[in-house]
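What follows is one chain in C-alpha cells, specifically the form predicted on its own.
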C-alpha cells in the first residue's frame, strides 16, 4: 500500500483524536470520546459462515472493534498483535473481552482467509466479512469513514480500534501508534464499566 494512503489514514486518526477529550479522571489513557456513542447494530458473516450480530453477540462484554484487511503490511498486524499480547497477560480481562476484526477488502478477505490471518494473533478473535455494501453500512454505523478499496492503490481504511465497554458505549479509541502500555492500563478499567461506573 502506497505511503500516501498511510498518511491519509493517519490524518483521519488524528482528526478523530481532535474531536475527543482527555479522560476527566485520568484513568483512561487512550483517546477518550467526549460524548460516548452507543454500540452500533450491524450484521455480517463470521469465519464459520454464520451471521454475526455485533451488538447482540458482544452484549455485556468489552468489545474491541477494528476495521482492517488481511494484506495490510503494518497498521493491522501491529494493532492486532498488541491487543493479543495484552490479553495474554490479562486472562481475567480476556475472559470478558471480544475482539472483532472486520475485513474491509471484500475482494480478498474471505472467511477462510480472515480465519487463517487472525489465528496468527489469537484464535479467539472474531473475524467478519460481507459484501461491499454490507461492509460500508457497518463502517458507517460505527462512525468510521468507509474503506477505499482500489485495485491500483491498495486499501485505505480507518486505522483505529474502537472500544465499547460492557455498558454498550464507546468511551475511547486507539489510533495506530497507541502504546501497548496504554492498552494495559485501559482494558482493566473498561471491562468494569457496566453503566453504573462511567468515566
Partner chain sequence: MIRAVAAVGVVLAVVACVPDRSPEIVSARLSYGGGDQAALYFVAQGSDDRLLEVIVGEAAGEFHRTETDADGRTTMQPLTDPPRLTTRSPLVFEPGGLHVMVVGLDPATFSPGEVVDVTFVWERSGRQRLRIPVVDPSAALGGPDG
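Since the model is a prediction, treat every value here as computed from it, not as a measurement. Residue numbers count along the first chain shown, from 1.
Keep in mind that the form predicted in complex with the partner chain is not shown, yet the notes after this line are about it.
This chain appears without its partner; in the model of the complex, the one residue of 141, 132, 56, 148 with a heavy atom within 4.5 Å of the partner chain is 148.
Among the residues 87, 114, 100, 72, the one placing a heavy atom within 4.5 Å of the partner chain in the model of the complex is 72. Contact between residue 81 and the partner chain in the model of the complex is found at the 4.5 Å heavy atom cutoff. Residue contact with the partner chain in the model of the complex: residue 159 places a heavy atom within 4.5 Å of it. Residue contact check for residue 107: none of its heavy atoms lie within 4.5 Å of the partner chain in the model of the complex. Although the partner is absent here, residue 178 sits close enough that one of its heavy atoms falls within 4.5 Å of the partner chain in the model of the complex. Exactly one of the stretches 169-177, 43-51, 57-65, 29-37 approaches the partner chain in the model of the complex with heavy atoms within 4.5 Å, and it is 169-177. Contact with the partner chain in the model of the complex holds for none of 96, 126 and 188, as no heavy atom of theirs lies within 4.5 Å.
Looking at 38-53, no residue comes within 4.5 Å of the partner chain in the model of the complex, counting any heavy atom.
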